[in-house]
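There is one chain below, alone, in structure tokens, taken in the form predicted on its own.
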């Protein structure tokens, strides 16, 4: 079975588990189950615009960007350029992390290095809109040093993960 096929199977299994849990909750406590369903629909309403953007990006990537180009910029031989792209795009990415999973999984299938995906997720902890607020509370020096450490840690985490994954 291919990686895509395994991911699809896991997705179907997870969906069945969630539906089963909702049905069990509805059977045991219908009021709480209804409340949970309304809450879930509220979350879906919040993330739906982001999911649509991610879907658009995935469609764009699959339609117009050649896997060879992705591999060139973010693949095994991407070098410093790949790290910079991963970190900068991580810093400027928005929305919940799980929304990025489908697109990053798709990029991974096109040859993006796991270490760069890890660096992307790690760099997401820097939120550009919050930097002025952080500087206001903690000072510019603190904000710059913390941001530098986060970016350095993103690269280190990616490198460590790459080494660990190679040993498997």
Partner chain sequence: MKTEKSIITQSFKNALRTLYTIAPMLLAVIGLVGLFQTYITPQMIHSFFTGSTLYDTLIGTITGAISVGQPFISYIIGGELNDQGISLYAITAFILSFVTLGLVQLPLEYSLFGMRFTLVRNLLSFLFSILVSLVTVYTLEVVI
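In this text, the rigid core denotes the largest set of C-alpha atoms whose superposition between the two forms falls within 1.5 Å. On a predicted model such as this, the values are computed, not experimentally measured, just so you know. Numbering follows the first chain given and starts at 1.
The next section is about a form of this same protein that is not shown, the form predicted in complex with its partner chain.
Remark: residue 102 counts among the residues lining its partner chain in the model of the complex, judged by a heavy atom distance of 4.5 Å or less. Within 4.5 Å of any heavy atom of its partner chain in the model of the complex lies no heavy atom of residue 92. Within 4.5 Å of any heavy atom of its partner chain in the model of the complex lies no heavy atom of residue 70. The closest heavy atom approach of residue 40 to its partner chain in the model of the complex falls within 4.5 Å. Contact residues in stretch 108-137 (any heavy atom within 4.5 Å of its partner chain, taken in the model of the complex) are 108, 114, 117, 118, 121, 122, 125, 127, 130, 133, 134, 137. The Cα shift for residue 152 between the shown form and the other one, taken after rigid core superposition, is smaller than 2 angstroms.
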